[in-house]
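In the form predicted alone, a lone chain appears below as structure tokens.
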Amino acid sequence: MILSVEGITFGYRSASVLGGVSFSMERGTVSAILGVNGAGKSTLLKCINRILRPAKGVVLLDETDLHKMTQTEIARHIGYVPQKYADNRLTVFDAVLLGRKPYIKWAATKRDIEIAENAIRAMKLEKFVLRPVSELSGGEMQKVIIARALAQEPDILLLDEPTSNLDLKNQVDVMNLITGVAREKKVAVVISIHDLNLALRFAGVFLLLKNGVIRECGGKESITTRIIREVYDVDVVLGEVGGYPVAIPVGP
């Protein structure tokens, strides 16, 4: 296992958010963290990446305790894509090259530049390379953030709501690119996502959170009407459309 999360507990002041979360991941897999708003999805990603420090539990990267590593060491292994990108003053190329920061000592090398260019090609951003990030659409900007994370050459890629605020085409484009990266580069991908049907189409492993606790963890067989009802408090019909699994809400 490339990633093992063991008994992660976290809270803000007196409010508990995560209560003993445990799961593991292999290379080349795409895992979707599912649950309602406030279930702890984003907090879990931040605990894995040590943006937040858990009160209890450990995160193991190839059996090494992540919380004993330096931030630079973590950045060489884990790429993190937040919901929002703060610095939009840079060009696309410079924004992606920032992903090489954990490796750069004095100045970017030829290899650093080549890796950034490869990440830009992987996200199909070649025609935007010298354009300021501030001039991009939401979908294009999201691809830049993912390209920057890929430039880190991570073993694990964490994405917090990568399809939020994107139109339907960009949602599918971004998810296709992410799953392609997992498959071709053998990266373990963990996605926090609201859209259950996008998750069913693109992910292979599902972690369903409710009140900071994993209620179900497994492959597509773990997604049942019972567990959806328990986690989302809504009845659904599970079916297939065009060869893809779908969950359709029913009832009042």
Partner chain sequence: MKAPDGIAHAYSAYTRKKTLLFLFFLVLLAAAALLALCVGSYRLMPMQIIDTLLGRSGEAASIVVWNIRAPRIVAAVIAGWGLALAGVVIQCILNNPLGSPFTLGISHGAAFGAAFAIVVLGEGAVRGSGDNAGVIENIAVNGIYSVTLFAFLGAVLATVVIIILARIRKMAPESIILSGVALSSLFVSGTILIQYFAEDVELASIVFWTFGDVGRASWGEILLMAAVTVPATAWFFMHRWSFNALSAGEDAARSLGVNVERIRIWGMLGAAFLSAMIVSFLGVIGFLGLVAPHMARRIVGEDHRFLVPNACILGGLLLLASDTIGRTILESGALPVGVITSFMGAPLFLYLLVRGTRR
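Positions refer to the first chain, counted from 1. Owing to the predicted nature of the structure, the values given are computational and were not obtained by experimental measurement.
The next section is about a form of this same protein that is not shown, the form predicted in complex with its partner chain.
- Residue contact check for residue 132: one or more of its heavy atoms lie within 4.5 Å of its partner chain in the predicted bound form.
- The closest heavy atom approach of residue 173 to its partner chain in the predicted bound form falls outside 4.5 Å.
- Among heavy atoms of residue 161, none comes within 4.5 Å of its partner chain in the predicted bound form.
- Put simply, residue 88 is close to its partner chain in the predicted bound form: some heavy atom of it is within 4.5 Å.
- Shown here without its partner, the chain carries 177, 201 and 222, none of which come within 4.5 Å of its partner chain in the predicted bound form through any heavy atom.
- Stretch 119-127 is the contacting one of 119-127, 136-144, 178-186, 161-169, since its residues have non-hydrogen atoms within 4.5 Å of its partner chain in the predicted bound form.
- Taking its partner chain as positioned in the predicted bound form, the residues of 40-74 that bring a heavy atom within 4.5 Å of it are, in sequence order, 46, 49, 51, 71, 72.
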